[in-house]
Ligand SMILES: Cc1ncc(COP(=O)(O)O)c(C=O)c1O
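A single chain, nothing else alongside it, follows as structure tokens in the form predicted alone.
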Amino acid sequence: MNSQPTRLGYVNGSYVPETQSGVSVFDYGLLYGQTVFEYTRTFNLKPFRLDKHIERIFNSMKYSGIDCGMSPDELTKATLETIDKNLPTLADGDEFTIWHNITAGLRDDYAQFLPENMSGPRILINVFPLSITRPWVWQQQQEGASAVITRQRSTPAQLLDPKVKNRSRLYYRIAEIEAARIKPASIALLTDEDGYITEGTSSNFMIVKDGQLISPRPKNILRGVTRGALIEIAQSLDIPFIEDDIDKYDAITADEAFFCSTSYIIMPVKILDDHMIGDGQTPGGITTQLADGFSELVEVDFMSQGRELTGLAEFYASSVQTPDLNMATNV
């Protein structure tokens, strides 16, 4: 018996059980990957920079030829309502991850044979407990992650602009498979066509060298919301920041390195391609300053919270809903 309330998903103006919030096999989103999405999370049950994520998904829709028929304010309102409706499903002390997926809708030649309520873009909003979303993250955050530069490269901007957060992401998945084969539990780090480091499969990447915070140039990366917040924090702390080409040599000889993503905020990198980063102590000094600054911004010590969240999984164990712990997060 399900002892917990059922999580509800928003689907085109209605709320349905989470397991029913999906798309047709004839949807452009599945057939061509013509889906844009956003991912954010809450801190103290308040969505992190929801306005930035909503702005970005509308920019992604514009680029991708999708008109969802809603305004940014309407999508924001629906997001907040989805959170409110699902509060009874959340354990005390947990937070929500928030997913927006918007597809282009049914391919024209199939639409006439399917129910009218399936026509048009599919607008999906789902929430999920942070504590059971990729729980391995919290341990790696404390110990420092291992990263592998993969042969699989990023898609260059002239083919598909990475600033568009889209579901055409097979190359990311191939990179993850390759990294896991080379070194289990490692995080894939991709490069562009010239061999310069771009990003992780669901995160941005930065290094620290001689007291300076360095990010890959923004041409071939997603301009992550959390990345932007950390840049603002660095500037407020008078930590010099630049965007520059970063090659493998630069990364392995850096003093500090980290991935950043809205799900876990900062993931210190301890080892890159079997090379110890700096003195191997994670997080490093500047990374710690950025983490402290972010915790102050959201009024939550997110690293301590990560350790505490690992004990909440039992709360959901009696639910018939089966969590997908392989759901991909993004910046």
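Note that residue numbering begins at 1 and tracks the sequence as displayed. Everything numeric in this text was worked out from a predicted model, so none of it was measured.
Omitted from view is the form predicted in complex with this ligand, to which the following refers.
Heavy atoms within 4.5 Å of this ligand in the predicted complex are found in exactly one of 260 to 268, 61 to 69, 285 to 293, 300 to 308, that being 260 to 268.
The single contact residue among 82, 89, 202, 133, judged by any heavy atom lying within 4.5 Å of this ligand in the predicted complex, is 202.
With the partner omitted from this view, the residue of 137, 98, 207, 225 that lies near this ligand in the predicted complex is 225 [heavy atom within 4.5 Å]. Residue contact check for residue 122: none of its heavy atoms lie within 4.5 Å of this ligand in the predicted complex. Taking the partner from the other structure, this ligand in the predicted complex has a heavy atom within 4.5 Å of a heavy atom of residue 172. Taking this ligand as it sits in the predicted complex, the stretch 51 to 65 comes within 4.5 angstroms of it through a non-hydrogen atom at 53, 56.
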